[in-house]
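One chain comes next, on its own, written as structure tokens: the form predicted alone.
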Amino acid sequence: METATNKRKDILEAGLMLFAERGYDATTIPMIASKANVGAGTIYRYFVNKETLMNQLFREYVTLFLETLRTGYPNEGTCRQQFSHIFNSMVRFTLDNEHALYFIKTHNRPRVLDEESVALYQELLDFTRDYFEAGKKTGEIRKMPANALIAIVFGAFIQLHQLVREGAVDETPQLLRDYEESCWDAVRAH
């Protein structure tokens, strides 16, 4: 018999996968229950509703992504070294959490996020904006809005990850090095 901890974990994993693949609105509690191999009523033992479940997932994975970005961040390094750290942190994060970065990207609108989730997402944005703003001040990053620079790097990376997941592209160390260099070329000042 499954323990309560395992059921909760199964529910969270199923929710993450379905929210990432189908979106919040198209995912139902019965779908999550079926994917987690639990009854729909079991979900309500752990989460008040779908919104609560989604916010729990959002906070969990934004926190984990922030920890991944911050761990070993070369504060005193060059702008290029910091970029490499950010890029490689995205790689590590997606390897460990296949659906999480796409989930964060597609569920970051305040419509269903609670205040705590919005604040945590703002913290993530601030981390990346601060990097780009600092790089613009030193003349190493293009003079574009930080949100546009974030979209270039994160959007491109998420698209690559999706192609890898679909089997359209083989993820190799060389591909990742080339992709990192291409993303850097897209945001660096020329």
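All residue numbers refer to positions in the sequence shown, first residue = 1. Note that the coordinates shown come from a computational prediction; the quantities given were computed from them, not determined experimentally.
The same protein also exists as the form predicted together with another copy of the chain; that form is not shown, yet it is the one meant from here on.
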item: Another copy of the chain contact in the predicted bound form: Lys35, any heavy atom under 4.5 Å; value: no
item: 4.5 Å heavy atom contact, Leu69 to another copy of the chain in the predicted bound form; value: no
item: Touches another copy of the chain in the predicted bound form: Arg22 (any heavy atom, 4.5 Å); value: yes
item: Partner contact for Ala134 in the predicted bound form: another copy of the chain, 4.5 angstroms, heavy atom; value: no
item: In the predicted bound form, residues of 84-99 near another copy of the chain [heavy atom within 4.5 Å]; value: none
